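One chain comes next, on its own, written out as structure tokens in the form predicted alone.
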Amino acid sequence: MPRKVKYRKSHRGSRAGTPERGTRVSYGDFGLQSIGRDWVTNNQIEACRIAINRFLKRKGKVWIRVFPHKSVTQRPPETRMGKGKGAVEKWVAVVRPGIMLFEVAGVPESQAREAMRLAANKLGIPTRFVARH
């Protein structure tokens, strides 16, 4: 979650459109690119990071290209309408098709592919493995 935000509770916003930036492998040699659109929670990002690092056994370098800036609120179950907006429940990153989620460098392609496969299993969106052009 961010250290500081201007407004604690945000609107849901739109997941439509295509990204203009953040779609190429910029830092590493291999990347995990999203094909679908969804909210990716901070817990999912952390689970992916742990899966990648455990598989690579601290070899190579890993970049996380998404950050959960958006707060999502939730009302308690079986609560009547009205009485305002719920408390902040989780933080999410808005992911659109083409966004690079993770990148790795300093490892062979076979290892990078397997690490990204393990990470992709932790996400709820379709992804693909890409290499630097």
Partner chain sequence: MSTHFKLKAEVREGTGTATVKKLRRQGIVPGVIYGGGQRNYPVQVNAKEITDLLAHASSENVLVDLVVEGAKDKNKLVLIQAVQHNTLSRAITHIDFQAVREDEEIKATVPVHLSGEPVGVKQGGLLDHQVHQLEVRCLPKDLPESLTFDVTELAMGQALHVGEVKFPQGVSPTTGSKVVIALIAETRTTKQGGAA
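As the structure is a prediction and not an experimental result, all values here were calculated from the model. Numbering follows the first chain given and starts at 1.
There is another form of the same protein, the form predicted in complex with the partner chain; it is not shown, and what comes next is about it.
Across the proposed site, Gly13, Pro68 and Lys70 without exception lack any heavy atom within 4.5 Å of the partner chain in the predicted complex. Contact between Pro97 and the partner chain in the predicted complex is found at the 4.5 Å heavy atom cutoff.
Looking at Tyr27, you'd find a heavy atom of it within 4.5 angstroms of the partner chain in the predicted complex. Remark: Thr41 does not count among the residues lining the partner chain in the predicted complex, judged by a heavy atom distance of 4.5 Å or less. Arg8 falls outside the set of residues with a heavy atom inside 4.5 Å of the partner chain in the predicted complex.
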